[in-house]
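Let's start with one chain on its own, the form predicted on its own, as structure tokens.
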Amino acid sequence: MAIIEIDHVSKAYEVEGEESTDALKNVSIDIKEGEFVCIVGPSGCGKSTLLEIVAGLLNQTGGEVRVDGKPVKGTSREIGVVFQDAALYPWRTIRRNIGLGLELSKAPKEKQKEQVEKYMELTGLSDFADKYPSQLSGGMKQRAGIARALVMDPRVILMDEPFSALDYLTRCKLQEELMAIREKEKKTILFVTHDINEAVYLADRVILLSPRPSVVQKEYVIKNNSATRDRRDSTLMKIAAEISADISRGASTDEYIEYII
């Protein structure tokens, strides 16, 4: 059974005195529990718009999103979100930034401490607990953003281009760390990226959205153990080249391709 059901979702933006602009049109994607799914597509195709709808941060104009069978109506503790900008509060230490959700939900103090310590250790931030965001690198800030999402123990994690502003080496390191976290925590992850190589390295499935108004253009299933995946694998490089070509020339709608590597 799918834990995330994106069911014929459409989104149109109304501009006063002008015709509405369709961003998404009848997008349907089912994501099983424990899956890692990446969404790619040309710039401006609505990838982030779709993620914000799933997160409950934006209302769709048609269709429905369900998480664990329940319609998404606003934000939920079952959904953790990591943005491109970690958006940490500069006046709070890293420890207190990570624990903010638990603090707001009035979780018992002992649980707050236990959970925060657990996810600081998991993301390599234990030695930086009492630092402030201004004292951390971009990569460390993103680790804090991931820890803040995980600490609430959500059913699913949504990630909107979380590594795009980082340098190449830091990005690769955080991709590897995310794979390790995924194996340990067994979370369902929906990840938006413009980096095709990142998508094929991380994902069980890659969903290609068409130019606006976006529909699901093609789906690529990568069958192997993502924990042991090698970014230099020739098959992964071939898949990335194929996706890039499909974006450039346009592919037939609703194609499904499975790769075993």
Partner chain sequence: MAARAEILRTTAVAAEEKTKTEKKKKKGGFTVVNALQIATVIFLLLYMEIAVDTGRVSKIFLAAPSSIVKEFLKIAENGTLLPHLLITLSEVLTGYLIAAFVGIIFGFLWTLFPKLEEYMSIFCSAIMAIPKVAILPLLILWFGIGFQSKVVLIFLFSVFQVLYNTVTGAKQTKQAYLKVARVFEASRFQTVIKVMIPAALPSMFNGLRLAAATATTGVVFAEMQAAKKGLGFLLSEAQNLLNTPRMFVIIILVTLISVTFVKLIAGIEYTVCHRWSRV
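Residue numbers count along the first chain shown, from 1. Quick caveat: nothing in here was measured; it's all calculated off a predicted structure.
Here the subject shifts to the form predicted together with its partner chain, a form of this protein not shown in this document.
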(message) To verify the annotation, which of these, 155, 118, 111, 92, has a non-hydrogen atom within 4.5 Å of its partner chain in the predicted complex?
(response) 92
(request) Please pick, from 88, 166, 179, 125, the one residue with any non-hydrogen atom lying within 4.5 angstroms of its partner chain in the predicted complex. (result) 88
(request) Please run the contact check for residue 143 against its partner chain in the predicted complex: heavy atoms, 4.5 angstroms, yes or no? (result) no
(request) Mark residue 189 yes when one of its heavy atoms lies within 4.5 Å of a heavy atom of its partner chain in the predicted complex, and no otherwise. (result) no
(message) Please determine whether residue 170 contacts its partner chain in the predicted complex, using a 4.5 Å cut-off between heavy atoms.
(response) no
(request) Using the partner position in the predicted complex, report whether residue 72 sits within 4.5 Å of its partner chain, counting heavy atoms only. (result) no
(request) Would you point out which of 49-57, 213-221, 26-34, 229-237 contains residues with a non-hydrogen atom within 4.5 Å of its partner chain in the predicted complex? (result) 49-57
(message) Can you list, in sequence order, the residues from 74-106 that come within 4.5 Å of its partner chain in the predicted complex, counting heavy atoms only?
(response) 75, 76, 77, 79, 81, 83, 87, 88, 89, 90, 91, 92, 100, 101, 103, 104, 106
